[in-house]
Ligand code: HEC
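As structure tokens, one chain now follows by itself in the form predicted on its own.
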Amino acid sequence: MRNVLRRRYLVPFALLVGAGVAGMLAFAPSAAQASAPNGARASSGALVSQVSNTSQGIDKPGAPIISYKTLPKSYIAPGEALFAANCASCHGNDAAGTALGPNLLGLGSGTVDFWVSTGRMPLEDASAQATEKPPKFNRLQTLEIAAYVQSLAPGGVGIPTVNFAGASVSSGQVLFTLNCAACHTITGAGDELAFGAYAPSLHIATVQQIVEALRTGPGDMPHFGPGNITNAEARDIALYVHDYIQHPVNRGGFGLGGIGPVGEGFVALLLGVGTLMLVGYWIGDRA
């Protein structure tokens, strides 16, 4: 009798539980998503602290919607040394580009800050899409490299500070759905694109990085200038991503990795079909 119970009920139940655990692990956020992108060595300096503390935005009525910090000239010399040691082999000593790396002149400190702070640069394999990973440089070093590149030519996008006073989450959701969800998915988990490219997850992006990406169009992402998405709209998108995509309210109790209907469908199929399978075994045994 015990062997029959084990064969008919315990084995299917064990398979069901094993599949459930495997699915939950597959849908859980990865280690890269769980770690903060700016977790490098501690930085120092008043401006570094100010820029780092505003990486998730401020709330000051009357302040500009998006403002850009001017990096001090004292950052340029150490930034030049860091650039020569880590970036010049691909971008050239004057940042004008080579066969291995594009021209950085006139792109602005915000472009450099995005690529370096997200760990996409320095790039290990120039033939593959840059992948977000823990940054090689701490916050001070990142700003020093950005200051050096900015000093070589005017123009481009600066490092933004976003003021959330008066921001609208509902507007941000609509704008994100219309302009971003097609590639990053409605849950911000990212997705595959054509020719081996992919839209990355937004689950660990800071507010600064979100606005920098909108304004600079890194990789295959479109460039959204103020004529396409205003500062107020960029602020609303950043607020929606930071508050609702990165910190969702999971009223059902489990977020399932925040990937939306795929994970929910897996759990529903697992529990529904699995329960029916066990009931079928039970009915068959009684028959």
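From a predicted model like this one, the values you see are computed outputs, not experimental measurements. Just count from 1 along the sequence shown to find any residue number.
Heads up, the form predicted in complex with this ligand isn't pictured, but that's what we're talking about next.
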Residue contact check: N138 to this ligand in the predicted complex, 4.5 Å heavy atom: no
Even though the partner isn't displayed, in the predicted complex is P78 close enough to this ligand, meaning a heavy atom within 4.5 Å? no
Heavy atoms within 4.5 Å of this ligand in the predicted complex: does P226 have any? no
Is S168 near this ligand? Define near as a heavy atom within 4.5 Å, in the predicted complex. no
Under a 4.5 angstroms heavy atom criterion, identify the one residue in V162, A189, C87, L71 near this ligand in the predicted complex. C87
For this ligand, considered in the predicted complex: do all three of P134, L239 and V249 come within 4.5 Å of it, counting heavy atoms only? no
Would you give me the residues of 82-116 that have any heavy atom within 4.5 Å of this ligand in the predicted complex, in order from first to last? F83, N86, C87, S89, C90, H91, L100, G101, P102, L104, L107, T111, V112, F114, W115, V116
